[in-house]
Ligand SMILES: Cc1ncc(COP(=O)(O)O)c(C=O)c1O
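Next comes just one chain, in structure tokens: the form predicted on its own.
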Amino acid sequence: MDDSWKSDISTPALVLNYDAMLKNIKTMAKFVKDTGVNLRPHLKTAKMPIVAHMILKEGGANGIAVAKVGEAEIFAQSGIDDILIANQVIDAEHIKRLVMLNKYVLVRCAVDSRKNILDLSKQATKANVELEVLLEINLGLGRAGVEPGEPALELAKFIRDTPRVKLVGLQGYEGHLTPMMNVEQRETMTKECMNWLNETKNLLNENGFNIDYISTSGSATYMHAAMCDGVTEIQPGTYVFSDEHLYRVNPIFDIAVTVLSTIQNQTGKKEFTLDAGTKAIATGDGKPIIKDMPKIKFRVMNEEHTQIKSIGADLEIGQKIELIPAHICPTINLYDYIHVIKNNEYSGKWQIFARGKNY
């Protein structure tokens, strides 16, 4: 394959294979069309309005999910008017910004505590805005959410009695199942999590609610969740670009984003140093792998460098190689721009507008 485009890019750099991304978008679009479930892609991964609009136009989505108010602001400014902040909005200043957004576009958020519900109500009342919320249910991840069943019903009643806050659905995320390599076990446990959500929804409706909206799941478990009773919406995000972790558990999606690096030193007969370290590629969830070069092994990663050892691969100073991140989401967040390769030719670069919007 002709890699002449690499000479057009200074390293370290984030690189997008446009054709692989488009294939991933179309693969998910076909799935949601065939199953009838709604797609709400989680844009905490891509962080670019251009990608969001591609999915909304061609990928079967009606709205998007984000992680932070800052991200919601960026996507709202790009014209997207149906946004779910798939987290709790706690900070007082963040709540004010959430309320302000709802004067112009629909931006929901998740809730799981009385204090947060009261704080949301207070600001919404001041601004004469009604906030729509999803009650988050803990499905075993243990990061957020009220317990399913009676605890969820109790909090739902509290929401119902609180002015300017309207309960419109349930949210749950079975993210702890993502790394599970046993497909049958992952499917069984995902269905169990979805059953907790559906049973909670039924309990609420038996007590005077009218809930028919359940939003859930990610790129490794969506295919199981979508088949379960009550699930109306899935929130995968990583699938658009994929990464080493997702490819291991769900290889249906191609690797679309890599970090391009240059060999800048040879430190031994088979040992070399790259110009990309932990400042160029996130390693909190593991080290990257080198694309199409399985005989290269990682030795040490530092801030600015990565030391590798070649076992049978021919390498030389100045050669550019691609690294596949273990986790793409925090890697994207390290860059201002992504370089786009289309039909194996350099096509330019896109700004990552929501980069750093961690608030």
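Don't overthink the numbering: it's just position in the shown sequence, from 1. Note that the structure is predicted; figures quoted are calculated from it, not measured.
Unshown form predicted in complex with the named molecule; subsequent notes refer to it.
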For the named molecule in the predicted complex, the stretch among 99-107, 214-222, 157-165, 121-129 with residues bearing a heavy atom within 4.5 Å is 214-222
Taking the named molecule as it sits in the predicted complex, is residue 75 near enough to touch it, meaning that at least one heavy atom pair lies within 4.5 angstroms? no
State yes or no: in the predicted complex, is some non-hydrogen atom of residue 269 no more than 4.5 angstroms from a non-hydrogen atom of the named molecule? no
Contact of residue 143 with the named molecule in the predicted complex (heavy atom, 4.5 Å): yes
Answer with yes or no whether residue 288 is in contact with the named molecule in the predicted complex, where contact means some heavy atom within 4.5 Å. no
To verify the annotation, which of these, 238, 261, 200, 190, has a non-hydrogen atom within 4.5 Å of the named molecule in the predicted complex? 238
The named molecule in the predicted complex - contacting residues of 84-122, heavy atom within 4.5 Å: 86
